[in-house]
Structure formats: structure tokens, C-alpha cells
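The form predicted on its own is given below as one chain in C-alpha cells.
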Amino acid sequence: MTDLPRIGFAGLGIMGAPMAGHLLAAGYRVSGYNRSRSPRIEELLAKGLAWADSPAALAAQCDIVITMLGFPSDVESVWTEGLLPAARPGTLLIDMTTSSPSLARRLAEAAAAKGCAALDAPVSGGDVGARNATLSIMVGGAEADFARALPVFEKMGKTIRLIGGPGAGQHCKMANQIVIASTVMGTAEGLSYARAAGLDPAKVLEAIGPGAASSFQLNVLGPKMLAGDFAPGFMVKHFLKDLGIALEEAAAMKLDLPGLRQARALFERLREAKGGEVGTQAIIAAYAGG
């Protein structure tokens, strides 16, 4: 197994920690970097994770480096100030953060200028998908680089697709978030309606969950909404970041997306009321039945 590439992983949070854990379990030598040391990172260290003191140190020792960060500004600073200056020619840099398509294209150009390769590979599936290695992975970049990364992706996800060139993975993730935005609103509205009508919303979920309304938002987040369990799988502050990127990209394409605009308004109201670190299922609190 020692002929496997050494992998660096920057960003060992709710998503990144279990993803890195799957790579360790598959026999990869994994080095990790995070701004803070949490209990989940201590668990990874006990399983064989090697610690890097900086993104630069991570890039200097690894063949493939993955970033799973919070915001585009985080991605840009970690790549331009740490990874790219230290990466050796031939290093494959993969950003799995949900970020800006235009930033993904710029970073791919910067990587090529250093003799490195880059992929943008955002994911869908939330913390559940990260823990179960069932993520959907949407990839932008060159076909040869995708082929090199595929065995690594297969340890973290189930549905893995090369969508197009640099930035295409991020555009695909924006489409994903646009669908989620209206679906999670619909779930909250439907359950709020059921409550207002005097129905048992749990029975409503049982009735409609297997039918045409079926979705992750309904069947996984719906019960959490009813239980008032707003612990994050995906934080509102990160979802608002994604909705903002999608609206900016849509405006550049002269595309009007009224459902997306309404979703952002509701989630901004939710952030003001409950903060940005609750899960997206907390949107039910924006409705009378929440």
C-alpha cells in the first residue's frame, strides 16, 4: 500500500474529518491541517493522521492535496499563500469546498503556471454523506487529472462525475444548491401547513415521504424539523454563502431565479433570529407552524 500517493487534507471540520478518515481507513498516508485541534482531529491522529503545521507544510510533503474549507476567501488564501508556493511540480490540488466558479478557474490557471494540476470538486450529501462515504462529487478540470483523482474520490463518495473544465464542478454545485433552496422551503411549508390544519405532521411525513414529494430534505431533514433538532449537518451561514454565489452567477448570465431570491431572504431572516451556525432545517422556524 506504500505506493499509494500521500494525501494532504486541509479543513478537518464536520465534513472534512470523516472524509479524511475514509482515506486513512483505505490505507492512504494522510497528512492533515486545520486552524484548530478538535476532538475529531485527535481521533484522526490516533488512527494515523500525520499533522502539518501549515498549508505550505502540507503541500510540500504530499502528492495530492485536498481542501475542504468554509468560504471562497478561505480557499483563495490557503491556495495562494500556502499551497501553491510550496507545492512541487506535478502535485494535484483539489478543492472540495463549495466555492466560486470564477475562483476555481483562476486557481486552475495559477496551478498550471506552477506545473501543478487542479480540480474543483464540490460535494453534496452533507454530514451524513461524509460519514457514510456516499457523497455526490461534481468535478471540473482535465480528464487526465480526474482519472488520477478518481480512486481517491471513490473512497469518499458514490456518485462521481466529471462535469467539464475548470469551474464546471462549482457550477454544477450551484445548480444543486438552487434545487435544495426551494426543496427545503417546500418541506418547511408543507409541514407547517400540516400542523396548521390540525394533522399529525409525523403521520404526514410517513404518508408523503415515499411518494412524488420524496427527497433528502423531506425524509432526513423533515423529522429533524418536527423534533426541533437544529444541530447542523450544513450550517445556515454556509448555505447563505452558496446562495449568494449562485445569485451572482445567475445575474452574470442574466438569469432571474425568484425561488432562489426568496430562499436567501428567508435564510437571512433565520440567521438574524437564530444565528448562522444552526442547520438548514431550522428554516421551519421562519413559518407560523415552526
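Rigid core (definition): largest C-alpha set, two forms, superposition within 1.5 Å. In case it trips you up, residue 1 is the first one in the sequence shown, and so on. The shown structure was predicted, so the numbers you read here are calculated from the model rather than taken from an experiment.
Although not depicted, the form predicted together with another copy of the chain is the subject of the following passage.
### Task
With heavy atoms only and a cut-off of 4.5 Å, decide whether S38 touches another copy of the chain in the predicted complex.
So S38 does not count as contacting another copy of the chain.
#### Entry: A250: touches another copy of the chain in the predicted complex, heavy atom cutoff 4.5 angstroms
Yes, A250 is a contact residue.
### Message
Does any part of L199 reach within 4.5 Å of another copy of the chain in the predicted complex? Heavy atoms only, please.
### Response
Yes, L199 lies within 4.5 Å of another copy of the chain in the predicted complex.
### Task
Find out whether any non-hydrogen atom of L24 is located within 4.5 angstroms of another copy of the chain in the predicted complex, and reply yes or no.
Because no heavy atom of L24 falls inside 4.5 Å of another copy of the chain in the predicted complex, the answer is no.
### Listed range touching another copy of the chain, judged in the predicted complex by heavy atoms within 4.5 Å, from 88 to 96, 106 to 114, 72 to 80, 163 to 171
Among the candidates, contact is made by 163 to 171.
### Task
May I ask you to choose, among L49, A246, A52, I64, the residue with a heavy atom within 4.5 Å of another copy of the chain in the predicted complex?
Filtering the options by heavy-atom distance leaves A246.
### Task
Scan 121 to 136 and write down, in order along the chain, each residue with a heavy atom lying within 4.5 Å of another copy of the chain in the predicted complex.
Result: S136 alone.
### Query
Is it true that M225 shifts between this form and the one not shown by 2 Å or more at the Cα, once the core is aligned?
M225: C-alpha displaced by 2 Å or more between this form and the one not shown.
### Task
Indicate whether E189 shows a C-alpha shift of 2 Å or more between this form and the one not shown, with the rigid core used for the fit.
The answer is yes, as the C-alpha of E189 shifts between this form and the one not shown by 2 Å or more after core alignment.
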